[in-house]
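Just the one chain here, the form predicted alone, laid out as structure tokens.
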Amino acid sequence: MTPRKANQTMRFTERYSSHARRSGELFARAKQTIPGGAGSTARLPRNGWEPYPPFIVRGTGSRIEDADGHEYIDYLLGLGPMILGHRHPQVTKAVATAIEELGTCFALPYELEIEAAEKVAAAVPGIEQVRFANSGSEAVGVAVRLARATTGRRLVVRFEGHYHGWQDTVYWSNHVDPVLAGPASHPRPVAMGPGVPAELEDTLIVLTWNDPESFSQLMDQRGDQIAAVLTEPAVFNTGCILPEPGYLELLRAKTAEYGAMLIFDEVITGFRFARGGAQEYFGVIPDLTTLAKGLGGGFPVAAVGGSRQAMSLIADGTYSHSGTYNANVIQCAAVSATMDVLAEPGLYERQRALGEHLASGLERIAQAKGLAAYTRGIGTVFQLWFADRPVRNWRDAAAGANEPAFERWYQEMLLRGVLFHPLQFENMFVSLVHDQADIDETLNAAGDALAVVAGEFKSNVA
């Protein structure tokens, strides 16, 4: 840590400790019985929440309140699930009614499960059949193993900078050290934590995203060995990186040519900026789709779906997809109600435009302050990149992003009542209930916050 960085961190820690004293007390208490002090490593100081995360007491619509009585405009949105904001009345009522009238978990089928599945299939172009699960990681694990079972092949292609959950089979090469991964033209898989069996490296091929040449070369050489190509259709686990024109179409064409399955991990993109997800927005249909965060309007649910042919081994029981809590009443009531809300005509067009207004406003303010920064995304999800060059993939992000500048922007915005993830390689979510007042207030706060950032990062000031 540089002396300037150390001084900036110390000043913010002092200000934040005064701002969030009660949260600090709760964090100290939590560490006694909860490992690290929170229920997910993603919520700990090592993931940017320094010196400790705000502890939340309630969320309503587009805003949340912390234990110290501060209200924030919320662009974290639970890392994505609160696509309809917090405690959406229609979804909340549907879940409460279902619990009161039906129960919570039967481990047997029931009609509401059919209704929820029918609505998902009607919304998502690539889904004719769907199975509900409990987390995005679980859904991805199902899709990968199903692809291997269907094709009789073992190799899975994935891309640096994409995150597909914590299961051993895919917990590789997310935010990887390029030194360990080797050349961008032929990266080697790198496990992202201890405990992942090294033997699984031989089941993966890792490529650089948005590099059509390396993908085409691989498929032409080894396409008949590939079980699946697993990808985020737009990369929202490394900031916001969009597919370049023709790239998704190439993935679709080459997998079809060689009999491999194309898996879209739409855990984040599903229902985010179009009702049919990224596959509707980009017009590219995968064989299998995984869903989670936006699926249940804030309730915990995930799913894996695809064509009848892609789901056939699950349908006839050859592939055993089981789970006591799969398709429980809370999940299916939430999914059914969420799908109804998302069917409102013009909803996505309106909210994408609102988010694009926010994104362009932030970019304009940052550049007016002399900062090397730009926004990238699709309206309801985007990121402000502190970078002086385009980011096309993980290597570009690792080499070009000014992470300390982003961290200071997060800190100054937090103290001004605007919340989003503190790391540059995450993103900002605009819910489908944020309004113009939220955007105006955010841009007002950003003017002051980005002025502070510009004053501290002289190397970026024109």
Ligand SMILES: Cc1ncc(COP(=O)(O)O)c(C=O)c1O
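Being a predicted model, the structure only gives us computed values, none of them experimental. Counting begins at 1, following the sequence as shown.
Only in words, not in the display: the form predicted together with this ligand, which the text now covers.
Asks: Just one of 314-322, 93-101, 135-143, 369-377 has heavy atoms within 4.5 Å of this ligand in the predicted bound form; which?
Replies: Result of the contact check: 135-143.
Asks: Any of the heavy atoms of Tyr72 lying within 4.5 Å of this ligand in the predicted bound form?
Replies: It does not: once this ligand is placed as it appears in the predicted bound form, Tyr72 has no heavy atom within 4.5 Å of it.
Asks: Residue-level contact is defined here as any heavy atom of the residue lying within 4.5 Å of this ligand in the predicted bound form; does Asn328 satisfy this criterion?
Replies: So Asn328 does not count as contacting this ligand.
Asks: So in the predicted bound form, does any heavy atom of Asn237 sit within 4.5 Å of this ligand?
Replies: Because a heavy atom of Asn237 falls inside 4.5 Å of this ligand in the predicted bound form, the answer is yes.
Asks: Evaluate Trp166 for contact with this ligand in the predicted bound form, applying a 4.5 angstroms cut-off between non-hydrogen atoms, and reply yes or no.
Replies: Taking the distances in the predicted bound form, the answer for Trp166 is yes, it comes within 4.5 Å of this ligand.
Asks: Ala260, Ile241, Ile268, Val156: which sits within 4.5 Å of this ligand in the predicted bound form by any heavy atom?
Replies: It is Ile268 that has a heavy atom within 4.5 Å of the partner.
Asks: Counting non-hydrogen atoms within 4.5 angstroms of this ligand in the predicted bound form, say which of Glu232, Asp211, Asp287, Glu113 makes the cut.
Replies: Residue within 4.5 Å of the partner: Glu232.
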